[in-house]
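One chain comes next, on its own, written out as structure tokens in the form predicted on its own.
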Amino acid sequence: MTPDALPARRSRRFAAVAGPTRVVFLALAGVILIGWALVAADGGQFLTLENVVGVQQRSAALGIVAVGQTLAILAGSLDLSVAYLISLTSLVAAETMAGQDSGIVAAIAAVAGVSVLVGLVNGLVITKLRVHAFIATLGVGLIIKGIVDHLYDGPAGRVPETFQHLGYDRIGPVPVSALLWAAVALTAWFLLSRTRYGYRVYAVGGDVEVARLSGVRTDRVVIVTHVLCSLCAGIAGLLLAARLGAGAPTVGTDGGYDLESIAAVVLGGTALAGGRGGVAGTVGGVLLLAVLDSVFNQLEVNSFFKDVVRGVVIVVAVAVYARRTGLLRGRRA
């Protein structure tokens, strides 16, 4: 590839990311307007400070996991072990803290260690044993589930009040948990857009064989990506432990953070095949799902109808992105 071709390629990649991102944020604005009208017609108030704060708090944990999932999917992989890892790390954090402020640093270090280990196992199984990411991460997740089910029958450990501020405090209208999500998202955006690692992630996700022939160490990229994805799940586990005041063996699976995070990433315009998308779209996808949930809760919609509408929204979004991609390719041809 010539030096002159690199800026052009980056420009095309930016255009491919910007299109879906614009669509998801326009959809988010539309959902907010429709939700406001429906709630007002039902006699309620939608755009209140309490509701805005609630949307941010509910979306923070999913948003952090979805950022990590974005990295994995962009590299042509995915991670189905995140929900089980969230449960495990919440328990590790709460038991290490044991209600003592002095245990907070040790708990964070322990969660980071467990997360890195799980990410390494996922990455090595995928790259060295050549197991498909779907099966590899699902298998690792089930191993974690077995360990947690064997060791825990219910909530365990205790989180000190100092650490619980992470889950409930806010600065003005912005919860601290939302600021944590923003920090994770900005870090991932920087890695993807301003570092060689980010360029290699897109290259591996776009065509792993071409990336390998171009000199990219594709296995290393996939392994690092899975480590970062697991670290995001560990951060979410810490946040949920702060909210609950203890670790819970089902907090990750009950929240559906595995499939929900993938849905948010796809809704944000990242291609499941990899190589196209970005963190900004994922943020929009997470907020869209959170606003939908808020509208449904205020209207007291039953859970069946919630799932139907969310499914329709995801399918329509993917269809729109596919059509846009087809049109762009036709114009280039």
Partner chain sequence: MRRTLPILAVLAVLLAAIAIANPFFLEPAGFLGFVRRAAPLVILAAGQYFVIVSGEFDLSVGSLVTVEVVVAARLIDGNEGATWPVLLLLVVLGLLVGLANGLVTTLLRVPSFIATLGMMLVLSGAVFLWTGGAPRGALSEGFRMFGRQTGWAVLILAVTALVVVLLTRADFGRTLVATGDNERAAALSGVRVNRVRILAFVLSGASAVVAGILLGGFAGVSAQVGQGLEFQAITAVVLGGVVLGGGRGSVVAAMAGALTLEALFTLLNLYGISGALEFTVQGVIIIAAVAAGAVRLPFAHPRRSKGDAHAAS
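Positions refer to the first chain, counted from 1. Just so it is clear, the model here is predicted, and its values are computed rather than measured.
Missing here is the form predicted in complex with its partner chain; even so, the following discussion is about that form.
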property: 130, 312 and 318 all contacting its partner chain in the model of the complex, non-hydrogen atom within 4.5 Å; result: yes
property: Option touching its partner chain, based on a heavy atom within 4.5 Å in the model of the complex, out of 99, 113, 146, 173; result: 146
property: 76, 103, 167, 157 - the one with a heavy atom within 4.5 Å of its partner chain in the model of the complex; result: 76
property: Proximity to its partner chain in the model of the complex (heavy atom, within 4.5 Å), stretch among 240-248, 254-262, 173-181, 90-98; result: 254-262
property: Residue contact check: residue 308 to its partner chain in the model of the complex, 4.5 Å heavy atom; result: yes
property: Residue 109: touches its partner chain in the model of the complex, heavy atom cutoff 4.5 angstroms; result: no
property: 4.5 Å heavy atom contact, residue 45 and its partner chain in the model of the complex; result: no
property: In the model of the complex, residue 209 touching its partner chain (heavy atom, 4.5 Å); result: yes
property: Neighbours of its partner chain in the model of the complex among 260-292 [non-hydrogen atom within 4.5 angstroms]; result: 262, 263, 266, 272, 273
